[in-house]
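The chain that follows stands alone, in the form predicted on its own, written as structure tokens.
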């Protein structure tokens, strides 16, 4: 089928004859609403007029950056990688990925479960909502997706096939290289110009060569390490949840990259939420809860990843009988500790880039009082810089929490 851009008037006409969609809605009359608030794609809510609980999400990539317009061309093939990643992740982490009703790489189209009783994590945290099961759910997702797409589980031919399937996602990888590791730390037209102008914190960051040298190390790891299939943009806006369920969505940035990248992105966003509450709500109990969530995610991930590794003895990397059990345990524990270390470094890069870069986070950039926002940004940079400068020396997860506490106590 030839590609065409859908809109609110043509979505139903296009999807209604798809077998899975027809079986879902039967003969119901349908309504369409454009609900996308992201930077890249168009998202439509299609629902039955007679029964609004019967609904699904239709998502389409267009050949430009949605938030800018046609003057910023961007290949629509990003949806190809989202479709492939969601399908792969659904096989591995069944409970943490929504249902997919239909997908078409030719149309850059994805039709999936409507999560009507779930909240975007970012906004849930801003509203000081607690999610007791979140750390357990997301650590299961991270441990499973990273382990089962790595050379710790796959054979070499399988791993190389996975790399070939995903690592042509060059445009979005380049966006990350530019906007996560480069432009946000220098004078660049894409930055938040109103905030950068005459900002001493920005000047200090842009001239911090020790920090930027460490960022280059992290950027090189991002560009060259083919550890596992990563989501590539696992922020709190890419997670929808309620008290009982957690779903990861929007993996259009997916590629085979460093183990620590997704973990670091999530930690970065939880830290930003912590800083938000430090200055805006001043809710000390919720701040403690956020720190506990970060700690639990890192600890649970480490143990679950280790358990999966112990249960699968033969892989491209390690053949059963090669080393004795004591050496195996020592090797595995050290390996996982290094994943955590790298995740802290990536967390620092992801936090810092949100301050002056093109894509801020609402919990910080949305602070209306300029003085409060400036203080929040300074704390973000303080925590982020310490993460970046010291991640290789992290020996215990408690050190991560202590850095956050120390920098927020000043």
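Everything numeric in this text was worked out from a predicted model, so none of it was measured. Numbering follows the first chain given and starts at 1.
If you look for the form predicted together with a further copy of the same chain, you will not find it shown, but the lines that follow are about it.
Please state whether all three residues 120, 238 and 301 have a non-hydrogen atom within 4.5 angstroms of a further copy of the same chain in the predicted complex.
-> Heavy-atom distance to a further copy of the same chain in the predicted complex: none of the three under 4.5 Å.
Go through 312, 219, 102, 84 and name the one with a heavy atom inside 4.5 Å of a further copy of the same chain in the predicted complex.
-> When a further copy of the same chain is considered in the predicted complex, the option within 4.5 Å is 219.
Could you tell me which one of 255, 274, 147, 89 places a heavy atom within 4.5 Å of a further copy of the same chain in the predicted complex?
-> The residue from 255, 274, 147, 89 that makes the contact is 255.
Counting only non-hydrogen atoms and a 4.5 angstroms cut-off, does residue 141 reach a further copy of the same chain in the predicted complex?
-> No.
Would you please decide whether residue 227 lies within 4.5 angstroms of a further copy of the same chain in the predicted complex, comparing each non-hydrogen atom pair?
-> It does: once a further copy of the same chain is placed as it appears in the predicted complex, residue 227 has a heavy atom within 4.5 Å of it.
Do residue 182 and a further copy of the same chain come within 4.5 Å of each other in the predicted complex, heavy atoms counted?
-> Result yes; residue 182 sits at the interface with a further copy of the same chain in the predicted complex.
Would residue 331 count as touching a further copy of the same chain in the predicted complex under a 4.5 Å heavy atom rule?
-> Residue-level check for residue 331: yes, a contact with a further copy of the same chain.
Contact segment among 242 to 250, 275 to 283, 316 to 324, 128 to 136, judged by heavy atoms lying within 4.5 Å of a further copy of the same chain in the predicted complex | Heavy-atom contact with the partner occurs in 316 to 324.
Note that a further copy of the same chain is not shown here; using its position in the predicted complex, name the residues of 258 to 278 with a heavy atom within 4.5 Å of it, in sequence order.
-> Heavy-atom contacts to a further copy of the same chain in the predicted complex: only 259.
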